[in-house]
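There is one chain below, alone, in structure tokens, taken in the form predicted on its own.
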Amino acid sequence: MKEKLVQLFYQLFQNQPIVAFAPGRINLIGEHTDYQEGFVFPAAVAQGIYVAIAKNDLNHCRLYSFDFEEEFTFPLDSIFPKKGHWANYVMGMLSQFKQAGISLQSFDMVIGGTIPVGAGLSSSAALSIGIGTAISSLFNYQVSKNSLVRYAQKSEHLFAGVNCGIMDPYASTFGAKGKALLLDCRSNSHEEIQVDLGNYSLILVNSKVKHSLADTAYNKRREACEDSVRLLQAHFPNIKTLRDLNTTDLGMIETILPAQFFPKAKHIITENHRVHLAAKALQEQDLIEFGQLLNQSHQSLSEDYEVSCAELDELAATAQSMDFVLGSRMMGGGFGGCTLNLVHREGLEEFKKVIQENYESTFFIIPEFIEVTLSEGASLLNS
């Protein structure tokens, strides 16, 4: 992809660019905990977004998307969101730089990616971080990694209209090869955890579905968590979010919360606990325990938090029934997207065969398989 972008850049702009790369991410465990200031466990992956960039002497920026095969030009003194357009990610990052007091200069840019569409690998965060890395490197803006993460998050809120959390841009920025990030979503700080999977591999299975109730359900789950906190503060006055409660509190919590709220609170509390157990299991290279935690996470997301769907449940159940699969769970917001599976390498082909045959015969959809390795965060690539 890098070579393609450099060649295309020269054809379009007759100039040699520098190239930045920002990875997508997976989340090993810790789903829907971020908006309760909880813990998540993401890792950067090898698939990502490439951004080629060079200065120009114009007062406007010229962009080209390799994936959309589309050009876009805008003047530096007129940066406004364009509804639903991929160029919002460029203009959004520039807007954040400008708000930080940086004097903007014009450039040419070509963008291309290797992240499968709709797989839940967070291409939008990788796009924002890749753009920010490219621009700040070209003009030597000296922007810290933490600032870049904040700018990417704000850019998505204001220009793309997506109310995303901190995890995706954080993982794309701070990712480390062979490691996952135990990320505290209250302090926005992390601990690197070595991930040695031995003879096992992480493989995503893309369900190829996205159900329309995802956004509505997401908002309802957030509201249920916030309402639960308000009700629980009378009994636990020191809590700010569900993150501040322990699994040992669940018995009392069940007596306080209405029946429709308790399972949602239970998921957040137990999932935060599972994140720490998973980090400990990986540190001790206990892959059996780690796999069991993945299975427990799926069950909680499906039965307590109710953000799974028939397709994801079928994929997880089929995977969990195989002897050479240690764990499987839905990954991401839910109602579609991928399952994350821990599969013995010798069983990978059998895994793909059984999953595809079963899924296709049940839902008449051919799933997509994506093998992932834990990789470095965003960087400027060597020429």
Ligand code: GLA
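From 1 onward, residues are counted along the sequence shown. Small disclaimer: the values here were computed from a predicted structure and weren't measured. For the two forms, the rigid core is made up of the largest set of C-alpha atoms that agree within 1.5 Å on superposition.
The next section is about a form of this same protein that is not shown, the form predicted together with this ligand.
Contact annotation for the candidate site: Phe41, Gly291 and Leu340 all lie away from this ligand in the predicted complex (no heavy atom within 4.5 Å). Among Ile203, Leu182, Ile135, Met167, the residue placing a heavy atom within 4.5 Å of this ligand in the predicted complex is Met167. Of the candidate stretches 316-324, 340-348, 61-69, 29-37, only 29-37 contains residues with a heavy atom within 4.5 Å of this ligand in the predicted complex. The shortest heavy atom separation between Tyr218 and this ligand in the predicted complex is within 4.5 Å. In the predicted complex, Gly336 stays away from this ligand, with no heavy atom inside 4.5 Å. A displacement of 2 angstroms or greater separates the C-alpha positions of Tyr305 between this form and the one not shown, with the rigid core held in common.
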